[in-house]
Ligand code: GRF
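Take a look at this one chain, the form predicted on its own, written out in structure tokens.
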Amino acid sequence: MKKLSGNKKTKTAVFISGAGSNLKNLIKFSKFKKSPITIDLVISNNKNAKGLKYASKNKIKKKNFSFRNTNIGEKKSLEILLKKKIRLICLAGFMKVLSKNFIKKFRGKIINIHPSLLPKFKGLNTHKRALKNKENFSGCTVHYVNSNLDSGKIILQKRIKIKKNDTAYSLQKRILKEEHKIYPKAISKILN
């Protein structure tokens, strides 16, 4: 993707499955004058995802595809991504793994935010696993998406110290705050 000049912003889609706090944060970020993105589409694989209310509130087109049949979910997603001329996909708590075929067909960048210091703790239950492993640090990572789970090139990471009394929940809350800071920074880094 070419560097963007002037005020031409990159049309972006955010994929969610749940509460949508990163989506809410990215919408806020997209409204800044210096932001390199506009959020033009929200796709969810869960019609009850709380995050969809942020799309409605901000008059952003939203689509729900079940993804129970991955091929159909991806095909429908690709059609609307092309129609809306989307050039960047931000995965924000999207609980499905995109196929190699989808990644290849989408002619833009796909990035994800993950709640661990990759390559450690790919996949689910990252906070519980970090605590069980007696790690001193945890954090979050923004990375490019490739066909292997949480294995794409790292764009940015933020490390935080694990406290003695941390639980999976308290650690998750502290890391989520950092996610809200580094996701916009990572987007600016790859687009500016």
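The shown structure was predicted, so the numbers you read here are calculated from the model rather than taken from an experiment. In case it trips you up, residue 1 is the first one in the sequence shown, and so on.
The protein also exists as the form predicted together with this ligand; that form is not presented, and the subsequent description refers to it.
- Interface residue remark: Leu81 is not counted as part of the site for this ligand in the predicted complex, having no heavy atom within 4.5 Å.
- Contact check for Ser21: a heavy atom falls within 4.5 Å of this ligand in the predicted complex.
- Under a 4.5 angstroms non-hydrogen atom cutoff, this ligand in the predicted complex has Ile113 among its neighbouring residues.
- Put simply, Leu176 is close to this ligand in the predicted complex: some heavy atom of it is within 4.5 Å.
- The stretch in contact with this ligand in the predicted complex, judged by heavy atoms within 4.5 Å, is 113 to 121, chosen from 81 to 89, 100 to 108, 113 to 121, 67 to 75.
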